[in-house]
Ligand code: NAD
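For reference, the chain that follows is the form predicted alone, supplied as structure tokens.
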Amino acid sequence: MPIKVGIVGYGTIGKRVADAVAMQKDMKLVGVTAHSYSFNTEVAKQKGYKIFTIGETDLKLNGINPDGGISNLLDEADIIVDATPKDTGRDNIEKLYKPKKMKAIVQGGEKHKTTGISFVAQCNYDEAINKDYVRIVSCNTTGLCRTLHAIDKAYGVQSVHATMIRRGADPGDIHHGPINAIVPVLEMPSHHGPDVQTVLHNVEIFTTALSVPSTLMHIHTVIADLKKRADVDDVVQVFKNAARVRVVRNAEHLRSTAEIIEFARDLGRLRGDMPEICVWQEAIGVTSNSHNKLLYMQAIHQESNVVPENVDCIRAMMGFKDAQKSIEMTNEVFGIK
């Protein structure tokens, strides 16, 4: 029997998870929620997704007849992916999911303590098996965990210093983001380092962050002190072998976030998404004196890179124990090689 999945919160992440679930052979999308009419709900209607309401809505006034309320969605689903705004997922666990004994996944805007388990499929899949509540970490944390986990397995990581150069807003967001400024995060470390440690428990990491006037992707600059000597060619191969990491090159004219997104569009990716973490081959370096200090730069598509993690987390929480098989099944649907 397919896993019956409901999506609560049909925005940037929720609509992508809904499409991903609908394409999985072992899952069934029960429906999505809406609290007001928008182009998102219109698209959901055209795709044939069931739409369940949260509170009073204007759906009927705009030609959409809801399939019920959120309680009806919970009655039909085996598990919920909650992609609501920050703190709402935490409240929904207490008010909606626990009374119904409903398994639920929340997103990186929630605190780790909300679930006690934070998830990146390649790193700690087993921690989520058969659990009731799990948190998918943020896009930035997911990006750091994917590449650092691969490096840690190959060389061992003593410590990491990383800077997040964050997009100011998502492409469709008209409410946020600097227009003519670079805005530093005035806390040390930024929250990303402690968040990485909720997944990679033994990695010492210190992070800083700033926001820039861009909407396409984040960029990370990473400096890792390694336990073993490394050379650039070997590191390139480590990244090429890592799940959901793509090595991009100047030779391909992939020199910027704009060109990476254009590349994703040309690949025919749904919405032009790039769920892989893109590491620039020419921006990988190893210090010449000790060969124990690694430097690299990577790009993170904030709208899509956590979506495969949500799909794998569904399987883990429903008792599917083969992490590698789950990752392969998910990647096939996304076209990730």
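This is a predicted model, so every value here is computed, not measured. Just count from 1 along the sequence shown to find any residue number.
The form predicted in complex with the ligand exists for this protein as well; it is not shown, and the discussion that follows is about that form.
Student: Could you spot which one of G156, P178, G109, P194 gets a heavy atom to within 4.5 Å of the ligand in the predicted bound form?
Tutor: That would be G109.
Student: If the cut-off is 4.5 angstroms on heavy atoms, which of these, A162, C145, C139, A128, is the one near the ligand in the predicted bound form?
Tutor: The option sitting close enough to the partner is C139.
Student: Heavy atoms, 4.5 Å, the ligand in the predicted bound form: which of 165-173, 72-80, 181-189, 235-243 makes the cut? Say which one.
Tutor: Looking at the partner contacts, the answer comes out as 165-173.
Student: Is there a heavy atom of T88 no more than 4.5 Å from a heavy atom of the ligand in the predicted bound form?
Tutor: Judged by the heavy-atom cut-off of 4.5 Å, T88 is in contact with the ligand in the predicted bound form.
Student: Does I314 make contact with the ligand in the predicted bound form, using a 4.5 Å heavy atom cut-off?
Tutor: Result no; I314 lies far from the ligand in the predicted bound form.
Student: Does any heavy atom of A299 come within 4.5 Å of a heavy atom of the ligand in the predicted bound form?
Tutor: Result no; A299 lies far from the ligand in the predicted bound form.
Student: If we define contact as a non-hydrogen atom of the residue within 4.5 angstroms of the partner, is V306 a contact of the ligand in the predicted bound form?
Tutor: So V306 counts as contacting the ligand.
Student: Considering only 41-57, what residues come within 4.5 Å of the ligand in the predicted bound form, judged by heavy atoms?
Tutor: The stretch touches the partner through I54 alone.
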